[in-house]
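Form predicted on its own, single chain, as structure tokens, below.
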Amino acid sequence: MNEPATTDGYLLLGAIAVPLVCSILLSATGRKAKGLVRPLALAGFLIPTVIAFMLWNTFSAEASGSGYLFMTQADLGLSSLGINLKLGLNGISMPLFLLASIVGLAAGVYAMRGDDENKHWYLVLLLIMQTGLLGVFASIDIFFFYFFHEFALIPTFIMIGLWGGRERRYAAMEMTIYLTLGAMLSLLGLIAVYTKSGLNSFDMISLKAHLAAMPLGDVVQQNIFALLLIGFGILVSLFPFHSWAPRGYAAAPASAAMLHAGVLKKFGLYGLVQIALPLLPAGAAHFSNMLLWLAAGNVVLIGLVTMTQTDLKRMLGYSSVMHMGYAFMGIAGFSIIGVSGAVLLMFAHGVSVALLFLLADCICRRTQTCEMPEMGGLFKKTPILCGFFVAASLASIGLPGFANFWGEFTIFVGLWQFSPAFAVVAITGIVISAIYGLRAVARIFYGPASAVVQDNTIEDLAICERTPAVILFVALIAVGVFPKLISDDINMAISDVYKAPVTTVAEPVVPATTQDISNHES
């Protein structure tokens, strides 16, 4: 270690390492000791979650501002290149680290059901993916921020190709092409930041301090931000680079879809908020209008496409793409409340979309189809499943009482002060979401029972299905009722990063306190 780490720093490192260690043990003993498969997998998902809650409980964004807590660093012999394994959490990354642990636990528990012959290999890949997800949000070094993303992405392709549904090979190939392109463009942008800064370091903290004192020229910022925007945009399915997501999520096995749509997809948004906006404010301001138009495409055009879908999983895939438009709009508005709302929505959307993909898989396995018109009348046989699905759909729409409401509401407020016209466009997304969400509930659970439902013995959610659903549902309700559980950390970090007054996410906003980030002094 280059600098002494605190006990919490070692806990943070342990949270990332435990899933990887468990995956190694599973790959070595899975076939020989089947009785160890579930205990090892459960440990790999549960221990990081416990650690994440311990760290969150002791986290104090008010004391640290935009600074990092729980820091630990290891010299891997690459320091001459400015690369070090440096970990820590600030008010922006802490909620997303918590998100990765919660969704990871739910996806892991759901994946343990059944006794498939190759189940342990599926769990090995899921644990490797979980290691990468936790590492993304804990990395202070930009090189490892990118490395952990790629580390999590590779198992995704494999799981879709081997365990996915129909069109899985085509979906895996399409995802590979799109996401590899996005990752390469992002990498070029990150390397450009490294070289143009002249600091010879990938350390986010050092780069922010250095570029605040010696900012890059406007043209350089615009060119680098364009690379990052397109690269990160592809990874987050920004319109029109979105077509990979619906097909990929429809073909993906449930746990892989939960982790990718719920957590890994936030990588690009997180990169824009944590890296691109504070390091390249002039570049961000230059592309703000273009980003708003593209994000409006996500909300309106993709929202209308979502309304036409009859396949349940594909509808959820398009819905996920649509809701990313809200987050991009919050970022493009460059207000403290808008960016804070985008981070809060990243957490809320991650939990709600993971719950929806879990429930969709439960529905499709029971009815032997994903076509909603062929499902009707399922409520009488599965009232608990219906209750969870209705709640998750209402959360996705943005009903008060769920975490999504606070993210969307604050984005709308910030966007209104930036551009009332685009705020109106964004708000129309609520109507679109309500139409396709409530129509899906009606098609699947109500009306005359379909032949599939009448002719088959269908049971309600089992314990192995209820448990992960409860984990995600509780997270949605907790933040929905008490948004300050994570919003205070986000507010303080965002306001300090952009040197602006704090505007609270969970409370009404006075317009005069919301300022344009691009005008702030470094």
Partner chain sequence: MAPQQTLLIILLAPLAAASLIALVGRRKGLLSAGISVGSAAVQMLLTLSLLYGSWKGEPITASVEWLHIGALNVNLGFYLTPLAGMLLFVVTFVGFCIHLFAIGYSDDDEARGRFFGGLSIFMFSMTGIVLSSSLFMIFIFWELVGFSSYMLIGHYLARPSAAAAAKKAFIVNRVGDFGFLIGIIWCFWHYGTTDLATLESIMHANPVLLTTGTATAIALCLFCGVLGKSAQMPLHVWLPDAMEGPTPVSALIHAATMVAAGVYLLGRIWFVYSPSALQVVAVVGTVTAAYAAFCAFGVKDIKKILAYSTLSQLGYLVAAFALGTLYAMQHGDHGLTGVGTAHFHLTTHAFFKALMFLGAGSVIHACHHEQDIFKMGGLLKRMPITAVTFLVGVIAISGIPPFSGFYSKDAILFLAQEENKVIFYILAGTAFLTALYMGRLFFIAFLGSPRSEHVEHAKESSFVMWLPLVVLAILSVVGGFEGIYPEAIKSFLSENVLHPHGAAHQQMLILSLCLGLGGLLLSMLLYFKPASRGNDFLESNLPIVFNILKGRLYFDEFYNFYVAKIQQRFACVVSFLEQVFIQRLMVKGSGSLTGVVGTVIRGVHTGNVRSYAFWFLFGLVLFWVFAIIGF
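Numbering follows the first chain given and starts at 1. All of these numbers come straight from a predicted model, not from anything done at the bench.
In what follows, reference is made to the form predicted together with the partner chain, a form of this protein that is not presented.
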Of 266-274, 91-99, 422-430, 251-259, the segment with heavy atoms within 4.5 Å of the partner chain in the model of the complex is residues 422-430
Ala212, Ile191, Ile154, Ile435 - the one with a heavy atom within 4.5 Å of the partner chain in the model of the complex: Ile435
Considering non-hydrogen atoms and a 4.5 Å limit, which listed residue (Leu162, Ala74, Ile384, Leu78) is close to the partner chain in the model of the complex? Ile384
Spell it out for me: taking the partner chain in the model of the complex, does every residue among Phe412, Lys484 and Ser487 have a heavy atom no farther than 4.5 Å from it? yes
4.5 angstroms heavy atom contact with the partner chain in the model of the complex for Met324: no
Gly398 near the partner chain in the model of the complex, any heavy atom under 4.5 Å? yes
Asn200: heavy atom within 4.5 Å of the partner chain in the model of the complex? no
Indicate whether Ala226 is a 4.5 Å heavy atom neighbour of the partner chain in the model of the complex. yes
Since the partner is left out here, which residues of 282-319 would have a heavy atom within 4.5 Å of the partner chain in the model of the complex? His286, Phe287, Met290, Trp293, Leu294, Leu301, Ile302, Leu304, Val305, Met307, Thr308, Gln309, Arg314, Tyr318
